[in-house]
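Before any questions on how it binds or moves, here is one chain, the form predicted alone, in structure tokens.
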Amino acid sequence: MIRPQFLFPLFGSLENLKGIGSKTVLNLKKIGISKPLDFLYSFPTNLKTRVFANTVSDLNVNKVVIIKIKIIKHNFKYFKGPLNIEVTDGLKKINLIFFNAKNDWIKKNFPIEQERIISGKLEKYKNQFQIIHPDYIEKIFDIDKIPVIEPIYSLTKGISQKVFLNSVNQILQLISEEISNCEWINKKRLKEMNWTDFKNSLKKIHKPKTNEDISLNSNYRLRLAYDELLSHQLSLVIARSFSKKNTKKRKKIGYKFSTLMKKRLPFSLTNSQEKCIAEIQSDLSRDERMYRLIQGDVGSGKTLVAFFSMLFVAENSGQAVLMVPTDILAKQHYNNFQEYTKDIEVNSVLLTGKMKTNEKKQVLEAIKLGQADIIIGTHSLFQKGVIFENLELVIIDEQHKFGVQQRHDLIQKGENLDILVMTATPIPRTLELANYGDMDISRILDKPMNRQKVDTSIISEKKIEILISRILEICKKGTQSYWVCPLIEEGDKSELVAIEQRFSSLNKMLPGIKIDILHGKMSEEQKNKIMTSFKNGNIQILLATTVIEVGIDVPNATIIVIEGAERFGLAQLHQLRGRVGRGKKQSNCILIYSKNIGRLGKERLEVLRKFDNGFDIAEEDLKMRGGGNPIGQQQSGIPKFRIANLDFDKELLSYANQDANEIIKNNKYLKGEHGKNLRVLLHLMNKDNSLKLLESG
């Protein structure tokens, strides 16, 4: 994977550019610019339009004018204060105002009795015309150096618009003829969309004539957004091909264990669970390795699907691992699995970081010798001391989303492993394409029959005392509650009540009620102890942070109060709401909003009241906040696009997905002239990892 030489200038040092020094390089990195090419992907956000004026007038006040002036007088200041230069346009006097300008610079650029062409915003102060810090100062014959229409960029301190634009113009010249002759978009798509070529599109974006040229609807932006999306989709399809390229000779799937477990269940599987299990059966029957994501709403029964998947592998003498975020959740899953498989000839073990040394040693030995078929545990499952005899399936119950790179790192943990990743955060279709195109996707859309709908209400923080009195009545009847605070301790500048302060106030207002605290700064042992106590009914109100977002089942907990609800994301609120409604009793979620909540904040909370399906909430959330920062290697797993806007460019993303799949289907290793052009695109869009996969064969 060697970058073509004609691309080198675009990937060189920023200090090779005229006007860019070491300090500017540091400032540019703050806005994501580390190489010349990055300038071209930083698009203008607005336009500055200048008007020619022969003389100043009230009609041009607050406009940016281009005007010829003659310097009359320098009014230097020797103490703090602005410096004033008196000039005339031939008819009227104008004051040019400068702050912190050096006298020598003024004398050099504004020599007395000479003429200059300047540009700047015309203002009126105390009935006198003035221009503060003209943005262009040119000699009479250099008037063409002042653009009538100039793009404006979103910058940071230490980078001027002029320096940035000058750099962009230099870099546009670095786009070689070889790049100009590369076209990676197929002719049918180009004609259908009426797009210009790559270089011309960049030129039009950075040298716009109208606001339309830089709008979301601009054909130039759309073409470049498609380039970015196509490169991204290509990288996902290549990754998908790579993840499945290692084949394994399968044994015929056995159904004895799974049939026995299904009979032991005290309930029936949902249609979605049955469909999902069938898809996994199909994956495990093919020679290609499985690489699948299961999406399921809170309480939809994903873990049960995982249990069936592990039984298929165990029946064929393979080992299967289920990795979950916390010790206490691992123990809950282990106990449930033991209950469902009492009469089945399968050996399951639990492995967590908090186990006693002797117990852990025995488990590790069983795993190493292949005596353990099913292993349920936490991240400690993949530490160096854990050696598997015949690991075939890894299931990750996600606490967070994995990025593409993390998923492929996971594949390297064993030879020809089948991978199943589960998430309780439903993902909108747009983000599925953007982030999970390298995986097969299953959705569990319906919930088990025994799941209760949770009633959601929204109240002001002013009504907290009324709410607390209601909770007191409920606690006296023997049910339990969660109370979620967004802060751990005082000192935050916000007006939200810290968890310790809320603990104190609840104790005063709820005499005789057992209340305890749970937060992320506690040790794993402390958290497990408190959660176990809560599950056993020894704690009536658990005051917690979002550490309970991924938690154990407590059927007797029927109320969850979320304070400062507007501070949470919708997906997180929905996850928290899923902590209740796990028993037969009616459950409630109360969202408390702060006094400074805005209109959008209230609208977002209304989504929670309106919808109880996580997939609907995810789609509404995407509409309200846009695509945002949807891939890469950050833990959130959601990619960051510089050009594309996922909310606006949904159709483009769909086209890019179709085209990428078609390309790899017909030209898997990107050979030939079109393949060479596509490789140039991948270089230009920083997808070198995908090219490495291609080179690996």
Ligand code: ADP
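Position 1 is the first residue in the sequence shown; the rest follow in order. All figures in this text were calculated on a predicted structure; none of them were measured in a lab. If you superpose the two forms and keep the largest set of C-alpha atoms that fall within 1.5 Å, you have the rigid core.
Same protein, other form: the form predicted together with this ligand, not shown, and the subject of what follows.
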item: This ligand in the predicted complex: contacting segment from 136 to 144, 159 to 167, 299 to 307, 181 to 189, heavy atom within 4.5 Å; value: 299 to 307
item: In the predicted complex, the one of Ser268, Gln526, Asn507, Asn103 near this ligand [non-hydrogen atom within 4.5 angstroms]; value: Ser268
item: Candidate from Asp553, Glu115, Asp616, Glu603 lying within 4.5 Å of this ligand in the predicted complex - any heavy atom; value: Asp553
item: 4.5 angstroms heavy atom contact with this ligand in the predicted complex for Gln273; value: yes
item: Touches this ligand in the predicted complex: Phe503 (any heavy atom, 4.5 Å); value: no
item: In the predicted complex, Gly120 touching this ligand (heavy atom, 4.5 Å); value: no
item: In the predicted complex, Arg582 touching this ligand (heavy atom, 4.5 Å); value: yes
item: 4.5 Å heavy atom contact with this ligand in the predicted complex for all of Pro44, Trp195 and His206; value: no
item: Sequence-ordered list of residues in 315 to 344 near this ligand in the predicted complex, where near means a heavy atom within 4.5 Å; value: Tyr340
item: Yes/no, Thr196 Cα shift of 2 Å or more between this form and the one not shown with rigid core fixed; value: no
item: Threshold 2 Å Cα movement between this form and the one not shown for Gly581, core superposed; value: yes
item: Rigid core superposed: Glu178 CA moves 2 Å or more between this form and the one not shown; value: no
